[in-house]
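Given as structure tokens, the chain that follows is alone and in the form predicted alone.
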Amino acid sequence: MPVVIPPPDPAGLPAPAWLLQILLVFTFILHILAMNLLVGGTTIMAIGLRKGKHSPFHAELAKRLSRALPVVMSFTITLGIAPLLFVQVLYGQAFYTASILMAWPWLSVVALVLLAYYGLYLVQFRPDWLGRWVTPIAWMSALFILLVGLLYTHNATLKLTPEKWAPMYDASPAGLHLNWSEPTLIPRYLHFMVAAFAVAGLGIALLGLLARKRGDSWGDEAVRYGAKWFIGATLVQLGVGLWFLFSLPSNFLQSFIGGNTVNTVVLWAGVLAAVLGLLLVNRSLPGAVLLTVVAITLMSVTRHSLRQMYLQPHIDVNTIPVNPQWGVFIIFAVLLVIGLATVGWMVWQFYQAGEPKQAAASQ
């Protein structure tokens, strides 16, 4: 059966393809950093609530995470809007087709996000009211967030395989398809989820470092605990990453192991940054954080290159006509800068308002 590709939007691209691709990768990096903190942090909070019955450290950790995670989820959603819009502009033919084929599971993402969000707020503001249900509610939020990630992975992999679209639709137009037959589905999903626990571990270690600087003895154990999560998850991630790499079609795999110099250098520089962060975490936590951000940045570039490889035979964004809308684009750029500045200010105010009281209470 021939591969059927919907035509691109006749309105064309609102800016040059290269600029939109740069912004797509940049905004995705911001989103993935917040997403990692959310995914890993929610599960670690649920573990802390269970262990907190017998461990003052875990009880305090769960309390601090419950206070932070609703804000982190807000950041994750907000920072995810821009990359999703850029994907729709550049790859709308693929994105909308995949979304239609899995329409009902895709629409369920909204309900799952709302339920997870409400669960986090209940854990933060109504733990006494929830009573013994506080830990199950936390686990519910964690599992729903993990399920959202799985549905996004289904969409992403289906988007990259146009040869499946027509047979799936011919089999059933009901919008109930998922992409379980895709060999990269599980390793791709785990590649993102395991990384989230490493980044969340760094976040906990940073919380501990800040608490320690304020004279809060809780911070010493938090730094050690967060570093353990980072080390363990990063070691697992190295194995998962290799699984994902070698699950790729052979021609794509070759591009990352010497067939294409740029792709090879970017991928393995990201791996090297992660390994160096692993070695540095117990010596210089800020250095490990910086190297982790570098690794995530390089892996995001690699992810975009892989997307291009999958779609290039069918969709080449560089051939789509450009109909510049610079006025609208400038407004977007200004609002993006203002938005990022606002997020930075909110994080600072959040830290300033909460940490001193917590530190004073624990002394």
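As the structure is a computational prediction, the values presented were derived from the model and not from experiment. Don't overthink the numbering: it's just position in the shown sequence, from 1.
Unshown form predicted together with a small molecule; subsequent notes refer to it.
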Testing 36-44, 57-65, 291-299, 323-331 against the small molecule in the model of the complex with a 4.5 Å heavy atom criterion leaves exactly one stretch, namely 36-44
Is there a heavy atom of L24 no more than 4.5 Å from a heavy atom of the small molecule in the model of the complex?
yes
Should I145 be classed as touching the small molecule in the model of the complex when contacts are defined as heavy atoms within 4.5 Å?
yes
Please check if P83 has a heavy atom lying within 4.5 Å of any heavy atom of the small molecule in the model of the complex.
yes
Contact of M193 with the small molecule in the model of the complex (heavy atom, 4.5 Å)
yes
Would you check whether the small molecule, in the model of the complex, lies within 4.5 angstroms of a non-hydrogen atom from each of Q254, I257 and A273?
no
Residue (of S99, T153, T135, N263) lying close to the small molecule in the model of the complex, criterion heavy atoms within 4.5 Å:
T153
